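One protein chain, two forms: both are listed below as structure tokens, the first as structure 1 and the second as structure 2.
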Structure 1
Amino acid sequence: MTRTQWILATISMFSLVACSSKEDDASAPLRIPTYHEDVAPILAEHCLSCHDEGGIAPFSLVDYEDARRTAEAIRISTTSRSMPPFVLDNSGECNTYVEGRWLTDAQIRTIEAWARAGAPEGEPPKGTAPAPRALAELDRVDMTIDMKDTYTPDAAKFDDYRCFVLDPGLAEDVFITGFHVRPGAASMLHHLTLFSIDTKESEATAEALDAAEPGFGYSCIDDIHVPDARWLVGAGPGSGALRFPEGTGLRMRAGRKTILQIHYNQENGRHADRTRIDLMLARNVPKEATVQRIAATNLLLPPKQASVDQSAVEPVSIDLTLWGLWPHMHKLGTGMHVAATHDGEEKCLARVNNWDFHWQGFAHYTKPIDLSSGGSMRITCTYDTRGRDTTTTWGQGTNDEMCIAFFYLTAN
């Protein structure tokens, strides 16, 4: 135990905490934090966007009674950093993110001391209660990609990956600068990806696949099966609106169709879904972005291992700016480390400490990262295979594994 850990343990033993905005401010009075003074503002800022009446979380945290009843679960989920859900390390040790959902260590200690003290209420505030931080919204909606029909997943498939060929009807090229996914059946939508089909031939391939199968769309669990498909939008649950970094955007081509790939998961029942994606567009952007991945595809994960690492290295052949990323693994993943090396110097690009398959999506760097050509990037994924009896390999099935970082980047 380090000295700091020992002090923290001692403090929480006596249910005291320095309730100062400045961490480790020795002059701050030590007192027991209360709901109204200390905890409610943290919940408003970091939890209520989902834990509200009718929010995506299974219970609400809007008033004292809610918080008191669930104090122990709140303590456990915040100290383990499983809540608020955000898989990337946003502590500042390896970058920070615009979309980062993250409590400071001091906030976690405050919640912990409050819960251990029996969740005291304190004095209700004189004015109004702290306002919850709203989920991000787009400035405007210029176009909506709409399934225009419903799809009900195949009852025989616990995980149903379905691809829909959709025509945005564009007369000229435009750039996506932000999006907001509006799921029809949110409890079933695990994640989705929208691709641009960049050639006529690929469009014909996609339409043939669609025509070959009964019902709306076609099954696409292992792959979308269409060449020249370019990533446009990706989202998991609870993401709200996502804006691309100022001055950047992803091109949609005039006259070309798109493929919407949706991963439906039937853990919470089977429903009819009609998902829409609102898009914010620009006629032009100073920097056209693309989404490129670095992946360790030759996965071979022996069973019964507490920790197995797999890596891949890719050269960086042009000068580029990394604006953000989406780390992706499946259910055995526990952590990921992405780094760049140039002239023998290593730069941390992203770190995932407690991976959660259910919380995925793009996050953009608070400060974009420039990489010069001549170096390389390395991705290392860590897995826990103790629950498996056989070797696990690469694949799209939820019980296969992956090791990918998708980057939103521009060439300089």
Structure 2
Amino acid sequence: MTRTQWILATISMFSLVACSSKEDDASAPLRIPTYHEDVAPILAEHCLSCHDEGGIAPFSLVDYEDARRTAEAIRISTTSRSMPPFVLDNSGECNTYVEGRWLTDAQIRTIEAWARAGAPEGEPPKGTAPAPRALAELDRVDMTIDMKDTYTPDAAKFDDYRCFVLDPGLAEDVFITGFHVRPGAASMLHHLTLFSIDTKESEATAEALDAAEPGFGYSCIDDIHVPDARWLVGAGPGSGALRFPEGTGLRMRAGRKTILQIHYNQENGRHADRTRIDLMLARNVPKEATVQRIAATNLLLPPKQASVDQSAVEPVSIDLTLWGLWPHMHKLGTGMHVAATHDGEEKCLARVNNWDFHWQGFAHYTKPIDLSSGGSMRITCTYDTRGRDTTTTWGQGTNDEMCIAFFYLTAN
């Protein structure tokens, strides 16, 4: 090689290295991550509340061998953002949420690089291993909603949705300001919702449904089938205690019963469950909250379509503060977008990019959103109907569809 050729080759090599370094800075870690130094802290913070021994997740991630065996599954599920399970976009482009289970892009790149490198272990820490994130606790417990009996899911139903009519025994109206779900069988409890029954007629309907089926409770995979039922509590696995925004609360009426709907998943076995819900209560709150919905009900989803959008617009007739929401669709849903418009300006309220029917739940904004009267709200849901041969419409059944955003709000 001549001197000129050597100089040109050296310049070319350094140019390639420089370009490669710039690209790596934007897309991947500069070194190969290891389990103990880089990956274990991420798993402890975001995954171990479910992926623990006896948790709802189908496998444990408490040590290196657990993580190594499932490294590729971890990589795929995190890069697709199907795990950790949180359907709302928490990136900050359309709000962030107190309960957001969300990995940063850098954390996702770290896990991907680690898995593609063969899941290296690295040096074990000299001190103790990273501890799972401590779940929140209530300041106090004023009442406990107790099933008072056990229920063992139907062996023929991999996903068993069961409703239980429970009497809290209230002598006066109170307001829920926080709650903590205590599962009897955490490995089965996928999510639950507690509803208040506000009228004697609806209470009679619930009791009739309960009496019509043998055993404890009644089947309710598609709907609780009780009118005038209000949402009170909603939680998924590993969520810990949840406090409603300061100064707000949801009313529980004296003398009225409740309905507890639980989704049991039997991937980790079939066990008897007796779930309890601890409640933090107040006699009064400065701002009584309600849960109201915006919905696109005139759904007409033609079959064999990769993407079908359906929308609805509703006016905002009074000044409101939105504190959080629960998006809801069925199994064809893939995405949702909710926005508010006032004086020609649009504000993003919620976005769902990867809907999963089995991972829905309630989340509160880290910063509440004020809406002024005279504007409007618009909801758009997106569906994939390629697996259907007939048109799908609105309905209560799981094979029907819905398009709803339930908002926790107060009137100003």
Ligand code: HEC
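Keep in mind that what you see is a predicted model, and the values were worked out from it rather than measured. Rigid core here is just the name for the largest C-alpha set that superposes within 1.5 Å across the two forms. Reference numbering: structure 1, starting with residue 1.
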Quiz item: Here are two forms of the same chain; which is the form predicted on its own?
Solution: 2
Quiz prompt | Core-aligned C-alpha movement of residue 121 between structure 1 and structure 2, 2 Å or more | solution = no
Quiz prompt | Yes/no, residue 76 Cα shift of 2 Å or more between structure 1 and structure 2 with rigid core fixed | solution = no
Quiz item: Does superposing the core leave residue 203 with a CA shift of 2 Å or more between structure 1 and structure 2?
Solution: yes
Quiz item: In Å, how far apart are the CA positions of residue 267 between structure 1 and structure 2 with the rigid core superposed?
Solution: 8.3
Quiz item: Upon rigid core superposition, what is the positional shift of the Cα of residue 181 between structure 1 and structure 2, expressed in Å to one decimal?
Solution: 3.8
